[in-house]
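One chain is shown next in structure tokens, namely the form predicted on its own.
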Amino acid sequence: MPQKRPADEGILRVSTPHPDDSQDITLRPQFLADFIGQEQIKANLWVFIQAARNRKEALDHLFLIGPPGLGKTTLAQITAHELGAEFKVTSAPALDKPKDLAGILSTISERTVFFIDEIHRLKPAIEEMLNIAMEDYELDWVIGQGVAARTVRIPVPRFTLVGATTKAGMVSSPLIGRFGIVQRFGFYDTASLAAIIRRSARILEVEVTDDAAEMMAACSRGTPRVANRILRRMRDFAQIATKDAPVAHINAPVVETGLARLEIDALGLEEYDREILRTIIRNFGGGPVGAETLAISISEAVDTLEDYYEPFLIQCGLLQRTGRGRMVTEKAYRHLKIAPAAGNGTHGQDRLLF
């Protein structure tokens, strides 16, 4: 198992917090031993990192796949930390021209861990340059114009590219083929999320009971980012409820009250999740309905619908993706206390269940 060790000196850490998660940077673990969940990924990566350290080589390129908020950026930072290497980070939309990528790769040091988030959004010209850099550790650069133009290969230090994506199907085969290590993240179970909440509570200097941690974990959508967000909101409720106490104390009654005020139910569904299901039922007879039509109906972007809302609804068994479109399940009707009109199965007009 990975062991804790003192932080290596001379490590550059650059990170960009999620817009909805400004405090997550303080909650990120620095070592594999502190990373909770994703046990198979963690165990394999520990072996690969130790082998690379023993050979004093750059770690092979690492490809991380999974929904948002599961720890891809955190694991990239941990990889650099465990390797004792420089860490540089950017996102694919920020790389507008090939010279942007060339500017980064021409200034990195040996064994640098270079993290690109949303790598499926790379532009073709930048992706082609990156392919050559990953395989040959050279930059293909064109000097001059017209008949005087010539190609120059500029060597770059051996580095480790860590690419993260929520849409692996949109990444081209030539790019995926250059990653030596491919790891796929899954949603976290309740026990792992409760452990993450307890760890974050210690960092935030908040007291949380075990039953409160379990309640928060159960409605965290299988995602550590959501778990930490709920913890911080429960801390706010607890702090105001017990303002004379030296530290905020989160117990089951505080969580029950807080979740009710945030309109989060026992499955972790927020009001917008329930509105998506109700829209399919009431406007489209329970489905099927296409993603674009549904997105317009709820005034949301298709990407947000597919990347953030649908995965959890499908995981909960409330929504189905079919060849004809999205359909709600019988479980969704029961959860919302809505029943279909008699004789129409799960379609047609609905009525409230009392």
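The structure displayed is predicted, hence computed values, not measured ones. Numbers follow the displayed sequence, beginning with 1.
Below: the form predicted in complex with a small molecule, not depicted.
*Which of 53-61, 33-41, 325-333, 285-293 has heavy atoms within 4.5 Å of the small molecule in the model of the complex?*
Careful reading of the contacts points to 33-41.
Contact label in the model of the complex: residue 68 to the small molecule, heavy atom within 4.5 Å:
Judged by the heavy-atom cut-off of 4.5 Å, residue 68 is in contact with the small molecule in the model of the complex.
message: Test of understanding: in the model of the complex, would residue 220 fall inside 4.5 Å of the small molecule by heavy atoms?
response: Although the small molecule is absent here, residue 220 would stay clear of it in the model of the complex, with no heavy atoms inside 4.5 Å.
Checklist entry - Would residue 29 count as a contact of the small molecule in the model of the complex, using a 4.5 angstroms cut-off between non-hydrogen atoms? => result Within the cut-off, so yes.
Exercise for review: Give a yes or no for residue 224: in the model of the complex, does one of its heavy atoms lie within 4.5 Å of a heavy atom belonging to the small molecule?
Suggested key: Yes, residue 224 is a contact residue.
Q) Which listed residue (235, 72, 178, 198) meets the criterion of a heavy atom within 4.5 Å of the small molecule in the model of the complex? A) Selected option: 72.
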